[in-house]
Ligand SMILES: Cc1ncc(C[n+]2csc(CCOP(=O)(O)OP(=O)(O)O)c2C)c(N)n1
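One chain is shown next in structure tokens, namely the form predicted on its own.
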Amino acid sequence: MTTDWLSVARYCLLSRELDRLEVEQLTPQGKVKYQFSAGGHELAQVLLALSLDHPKDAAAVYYRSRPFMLASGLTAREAIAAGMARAGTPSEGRDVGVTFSMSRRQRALVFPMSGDVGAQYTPAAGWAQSIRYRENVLGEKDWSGAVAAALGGDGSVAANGFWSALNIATTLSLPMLFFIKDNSYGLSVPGKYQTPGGNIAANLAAFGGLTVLEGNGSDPLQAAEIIAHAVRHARAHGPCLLRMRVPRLLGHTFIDDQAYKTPEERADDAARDPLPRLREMFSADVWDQLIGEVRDELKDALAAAEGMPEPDPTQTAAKLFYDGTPPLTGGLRSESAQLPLGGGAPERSGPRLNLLDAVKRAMENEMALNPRMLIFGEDVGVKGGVHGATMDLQRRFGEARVFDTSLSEEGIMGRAQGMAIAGLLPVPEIQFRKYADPAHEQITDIGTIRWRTAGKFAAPMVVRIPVGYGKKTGDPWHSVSGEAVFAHTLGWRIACPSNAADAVGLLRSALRGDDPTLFFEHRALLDTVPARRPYPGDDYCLPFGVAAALAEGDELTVVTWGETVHRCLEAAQPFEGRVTLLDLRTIIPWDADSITRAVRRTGKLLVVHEDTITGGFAAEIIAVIARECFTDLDAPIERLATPDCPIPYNVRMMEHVLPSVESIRAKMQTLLEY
């Protein structure tokens, strides 16, 4: 590739002058609240951006990546207006001004940026795997030769996401470039605390399946050559890590005066400023003309940005979930590949299936209909899942569509994000609810992608997680339910089916839906009699947010979900005609209307769940009902839940803390007699 040095110089100057404008004017005036300078990083980033010219290239960047954004198509007006939190910008004022996203313009698509250090790597690995999938499995040859680039500072190489992505990319030989800009400091912490010796390239020299390169981000000719070589290698041969040595001319943020650096370190940074070396490639007249043009552009951009409107505050809560407007990028709907929702009348004849087999049958059916659907996780391949839900699916659909992953939940979920944005339907499995904890960063990021980009991006997926105690035993690690934590995790829909038919209907709705969904399968219902039902059909879809009325009565409303549904049904048997029992079925959204109507009729409410009591989801239901039905209540609202302790391994201890049939029946009796 021939380097267009005039464009390189223009973008570098544009970034430097934009930093200066913010530091000297906009931030002191309070017009820009956060200022993250890219001073010293410009040359390496611009050269990389100009190299990513394939129509299917993508990049996952971070908060000091504005030079890359400008060279990829972001306008100066948008950059200024983003810092000023105006409408008409990538986030429409919802996110920090340097936290960008961008569907493809001139060059690479840019993933919605995370504010978490190191969170950008595994989504990039997901895109890289999607390149291979869309080329080799879907036969889309326009994806051939594309690459995913992940940009990070030297501080990010200490993060879990970096190492997880490194394992994914190297074990699968994916077309991925790890682009590390090493300025020797992470915030105020020297690089020697991020990696031994302060040089990640030296430490990874013997890493299997990885080509490791180093370059000088202050030397234009050397930087251009090494960056072009790294991109070519990643396109043709697979994973490459390029460490570019760059200075950080200003502090971490506007308020950071870098007092932790010695005078010698500051002098060394100044001496390695890439712009004076870039200037030597041009005549004084050309350089001065460039500066004049850039300053004039910024003057006009500032005036235009200040004239852009403030976002509409009444729309602040909009775009958390799909609202009928397809995103520009991400999910199946953006590529017109969405399967329609099916009918709502279940078939009721045929043999009764357990919940596990029903889930498997639904997935198998959807896999046959949707070639973009992929299932992955730990043990889901040859073994067929730790609980057997994916048994034989790899044999039928192949290793590209049903595959095992490394033991990294961060990697599982970050990869899923990248695949969803690349137009695939990821269906990852997390073996047990507790094991989702290492992936919490990615889970929270995925949930807010649509909101953070004002609907421009989305990452629909279905994450299957077995939850709750086992039918033979419990323990603190495999028996967590913990749905309330995820109910507070924005942007996720949550299903908690209590039987096989509901599991099929909710799962199919999620797989044909538009939002990330957590699908909880209770361990004590996977292969037990209470949850068995006839298979409801290959087109059956059950809407979210609609509770099931399992019993009708006039004196007490009981609300529950998951395994405790069956305990409540048994407990209510002596009170036929007196208790209305509602199976919530979904936590987000939850059916407040049905509960409100029932409580207004009965005047009493009991909420039962397996999750711990303090901050459990019963509290949310009770708060709403207390507001809506206060004058209709004939008794205090009650709840039964596990006390605030983990589920124990000893079976007698476990049964002691779980809401039992006896304790539920006793509470029903008390409320009925109140």
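Don't overthink the numbering: it's just position in the shown sequence, from 1. In this text, all values refer to a predicted model and were calculated from it rather than measured experimentally.
Another form, the form predicted together with the named molecule, is not on view; read the next lines as being about it.
At the 4.5 Å threshold, heavy atoms of Y185 reach the named molecule in the predicted complex. Proximity of H609 to the named molecule in the predicted complex falls outside the 4.5 Å heavy atom cutoff. For the chain shown alone, D116 is a contact residue for the named molecule in the predicted complex, at least one non-hydrogen atom being within 4.5 angstroms. Among heavy atoms of H41, some come within 4.5 Å of the named molecule in the predicted complex.
In summary, the region of this chain contacting the named molecule in the predicted complex, judged by heavy atoms within 4.5 Å and restricted to 27 to 35, 626 to 634, 640 to 648, 56 to 64, corresponds to 56 to 64. This chain appears without its partner; in the predicted complex, the one residue of T557, T560, S156, T517 with a heavy atom within 4.5 Å of the named molecule is S156. Screening E441, D269, E366, E78 for any heavy atom within 4.5 Å of the named molecule in the predicted complex leaves a single hit, E441. Residues from 250 to 265 that approach the named molecule in the predicted complex with a non-hydrogen atom within 4.5 Å are limited to H252.
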